[in-house]
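Only one chain is given next, in C-alpha cells, and it is the form predicted alone.
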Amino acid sequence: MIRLEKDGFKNFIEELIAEYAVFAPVMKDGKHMFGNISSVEDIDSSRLNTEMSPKEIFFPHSEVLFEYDEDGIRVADGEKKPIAVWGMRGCDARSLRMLDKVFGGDGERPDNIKFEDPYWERRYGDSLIFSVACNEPLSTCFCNWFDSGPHDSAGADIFVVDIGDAFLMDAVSGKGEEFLKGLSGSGKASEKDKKKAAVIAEEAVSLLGKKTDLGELNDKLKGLFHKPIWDSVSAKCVNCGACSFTCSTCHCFDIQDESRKGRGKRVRIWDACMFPIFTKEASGHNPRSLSKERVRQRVMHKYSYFVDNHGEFLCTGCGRCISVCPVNLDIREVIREVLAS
C-alpha cells in the first residue's frame, strides 16, 4: 500500500492523462456524471456518487457500430489511449465485472461458446480502474445486502482510501500493481495510515442500514411469478425507465439502422424492459403489455435470472434507482415484500 499526498494529486492526474484517456466525476449539463477530463480542475468530487453510472464509459448510451455505403463497411476506430477511471465507487467497480459477464470474456451463451463484444472489449479490456472507498454512505446505499461494503475493493485495479491529507492506494490486480510500481511522488503507507483507514472503514459500515438476508430471494421469486404481488408492487410505477438508465448494471439495448441515399450507419442505443414497446412484436402483440409484467421482468432479471445464469445478483446496492424514482418506488421495499410472501 502506498501513500500519495494530496499536494501531489495534480501531478498524479497529469501523469495519468499523459498515458490514458482519463474519466472522472464531472458536472455536465447540470448532472453529476463521469466524463473525459483534460485537467485536474475538471474533476467534481462534490457528491458521494454520480447521478449517472460510469457504465456509459464502456457501454455508451448511443454508439455507431459501423457505417456503410456502396463501397462497403467501415468500423470506427477506437480510443488511441487505454481508458483510466478515477473516482469510481466500489459498487460501480463491481458492476463492471457483472457487465463483463455479459459483454466480455466471462460471458457464455447456452452452448458454452465464449462470446466477446468487441466494442466493450476494446474499452474495458485494458482499462485501469481506481475505486475510491465511500467514507460516508448515503441513506439509499445498500451494498451490504450483497456481501459488499463501502470499502470493498472488488472490481478495481487500484483501491483508494481518502484519509484526509492523503490517498492510500493498494493494488488489487496485476495491472494495478504494475502501475503503482512506476508512480512518482508516492511513498509507502505507514502503520498509522493503515490503522486510520481501518477506523474510517469501520465508521462507514456503521452508517449503512441493517442488512437483509437474500438467501431465499431467488427461490421466492420463482414461486411468485403468477401471484398478485406484482399488482401491488407495480401500482405506482409509471414505467419512465429512470431506474434502468441510471442503473450501473442494466444493459438492455436496441439496434437501429439509419440510412439515406445509399449511405448509413448501424447504431446501438440503450433500451429498457420498463418501456411498453420493448417487447412489442411486429405482429402488434406485446407479451408484456401491462406495467406489472414489466416491473416483474426487471425484478426477476436482477434477482433470479442473472443468478441462475451467472451465480450472483445483478445489483450492487448503489441506490441510484431509489434516488431517481419520481414515485418513490424503493427496490429494497420490493425485495422485503417478496421475502415476506
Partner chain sequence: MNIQQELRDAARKLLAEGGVDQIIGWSSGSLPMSSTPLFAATKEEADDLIFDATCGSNLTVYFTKDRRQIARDGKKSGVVVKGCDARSIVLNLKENQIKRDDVVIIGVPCDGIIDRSKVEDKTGGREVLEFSDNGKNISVKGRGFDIDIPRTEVLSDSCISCVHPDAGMSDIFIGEPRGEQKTKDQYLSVEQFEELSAEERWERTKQEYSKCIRCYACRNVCPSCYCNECFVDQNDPQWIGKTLDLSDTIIFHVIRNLHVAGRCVECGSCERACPMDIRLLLLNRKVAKEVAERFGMETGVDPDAKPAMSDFREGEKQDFIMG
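Just so we're clear, the structure is a prediction, and the values are computed from it rather than from any experiment. Positions refer to the first chain, counted from 1.
Not on display, but discussed next: the form predicted together with the partner chain.
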item	value
4.5 angstroms heavy atom contact with the partner chain in the model of the complex for residue 254	yes
Close approach of residue 324 to the partner chain in the model of the complex, 4.5 Å, heavy atom	yes
In the model of the complex, residue 273 touching the partner chain (heavy atom, 4.5 Å)	no
The partner chain contact at residue 139 in the model of the complex, heavy atom, 4.5 Å	yes
Interface stretch in the model of the complex with the partner chain - options 156-164, 93-101, 121-129, 228-236, non-hydrogen atom within 4.5 Å	228-236
Proximity to the partner chain in the model of the complex, single hit among 224, 180, 217, 240 (heavy atom within 4.5 Å)	240
Of 300, 40, 33, 65, the one that lies within 4.5 Å of the partner chain in the model of the complex (heavy atoms)	33
